[in-house]
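Only one chain is included here, represented as structure tokens and corresponding to the form predicted on its own.
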Amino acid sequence: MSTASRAEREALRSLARDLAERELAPRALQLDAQEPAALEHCRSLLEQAGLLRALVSEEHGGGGIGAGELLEVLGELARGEAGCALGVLLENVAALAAQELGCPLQEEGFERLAIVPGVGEHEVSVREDALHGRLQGALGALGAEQLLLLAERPEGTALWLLSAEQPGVAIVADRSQMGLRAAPAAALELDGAAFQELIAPQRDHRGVPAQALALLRLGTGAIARGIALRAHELALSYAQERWQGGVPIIEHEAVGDMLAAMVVRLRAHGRPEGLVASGSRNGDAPLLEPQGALAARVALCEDALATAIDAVQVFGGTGYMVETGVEKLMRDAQYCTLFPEPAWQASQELIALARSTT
């Protein structure tokens, strides 16, 4: 289990908070525009800080921190730039899964490793020991050298590892991406791509694929909460500074009600790191059942979206202007509701879970 002391955890949070405030937030517009220099600069800083493989054990070149600590870091980073936080989550989960399955993380090919969840049978199929199909909206896949596909099959979930630079693999920028753009999405086109199946499909929630999915869900929830915190901070500051009718608009009943609703949402579900099983690290113990992680993710992401929308309303007409930053928060929050599975799929899974427990 993680042996980090309270002081060490606070130091880690402070590091993430400082990076978010000093480096990520000032570049939020450039990152949202996917300017290559800004993307590479921020990724380099995150790598230097040891955050891209923070979950991986120290013997494999990582930080060896616990899952709960990573969730805290993600929340802090998301207050500066949510797409960068998602990139940290994706690389950590991919590297951790690879480590757990004995992949050689130190090899050059694992420098850029991205995990792609939710690969359904109707999108990608296996024929003649190769992958065929097309997958749209793979967040974080653009620029990756190795891809770890989290493949959903009737018999369970499997992990497929493939090189992004081999024949039969085309990675095309997804121009439809509207949120979390600092984790550039891609469309994956597979036509006879060679792959390695790292583990047999499993339904057991203690297996590596299920734990990877649970961590992706909780991590997305942590990022969404960071977005909500930032949206509340911006809206509160603006409401205190903007005067209308001879008083700050925070004294207007409608604005006060929206700000109060933001606080209620932030306090309603607590922190995602509180859902991690005590002492769990690197998959040693179940983080949470995937369905439980899904329920937490859905609640946190829906709250973040509602909070971001309210923040835009507090800003009035200027809330839709790029320069305010709140319209970006609204787009990022919307994308969180769709990752790592779309809203309709999440609803179906939660309904099935509810029926099975009644």
Partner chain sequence: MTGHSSSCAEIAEQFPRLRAPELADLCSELQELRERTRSFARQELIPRALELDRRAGEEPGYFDWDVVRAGARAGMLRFLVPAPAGGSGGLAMHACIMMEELCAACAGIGLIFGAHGLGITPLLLGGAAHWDGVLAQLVASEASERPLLMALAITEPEAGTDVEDPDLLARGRITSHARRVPGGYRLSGTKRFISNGSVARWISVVMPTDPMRPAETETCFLVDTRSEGFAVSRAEHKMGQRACPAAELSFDEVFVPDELLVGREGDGATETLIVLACSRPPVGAIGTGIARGAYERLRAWLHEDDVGARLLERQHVQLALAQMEEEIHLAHQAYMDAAMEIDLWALGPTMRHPAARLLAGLPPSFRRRSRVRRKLLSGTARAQTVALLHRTTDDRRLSRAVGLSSLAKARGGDVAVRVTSAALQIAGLRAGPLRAELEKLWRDAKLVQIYEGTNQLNRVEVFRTLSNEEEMRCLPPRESIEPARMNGARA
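Residue numbers count along the first chain shown, from 1. Rigid core (definition): largest C-alpha set, two forms, superposition within 1.5 Å. Note that the structure is predicted; figures quoted are calculated from it, not measured.
Form predicted together with its partner chain: not shown, discussed below.
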Quiz item: 144, 96, 116, 216: which sits within 4.5 Å of its partner chain in the model of the complex by any heavy atom?
Solution: 116
Self-check item: Candidate from 25, 11, 350, 343 lying within 4.5 Å of its partner chain in the model of the complex - any heavy atom
Solution: 343
Quiz item: Is its partner chain close enough to 122, 135 and 176 in the model of the complex that each of the three has a heavy atom within 4.5 Å of it?
Solution: yes
Exercise. Answer yes if any heavy atom of residue 254 is within 4.5 Å of a heavy atom of its partner chain in the model of the complex; otherwise answer no.
Key: yes
Exercise. Indicate whether residue 103 is a 4.5 Å heavy atom neighbour of its partner chain in the model of the complex.
Key: no
Practice problem: Verify the contact flag for residue 316: yes if a non-hydrogen atom of it lies within 4.5 Å of a non-hydrogen atom of its partner chain in the model of the complex, no if not. | Solution: yes
Practice problem: Flag residue 242 as yes or no: does it have a non-hydrogen atom within 4.5 angstroms of any non-hydrogen atom of its partner chain in the model of the complex? | Solution: yes
Quiz item: Using a 4.5 Å heavy atom cut-off, which stretch among 88-96, 164-172, 177-185, 260-268 contacts its partner chain in the model of the complex?
Solution: 177-185
Practice problem: Determine the residues of 42-64 with a heavy atom within 4.5 Å of its partner chain in the model of the complex and present them in sequence order; the list may be empty. | Solution: none
Practice problem: Align both forms on the core first, then report whether residue 11 has a C-alpha shift of 2 Å or more between this form and the one not shown. | Solution: no
Practice problem: Could you tell me whether the Cα atom of residue 350 shifts by at least 2 Å between this form and the one not shown after core superposition? | Solution: yes
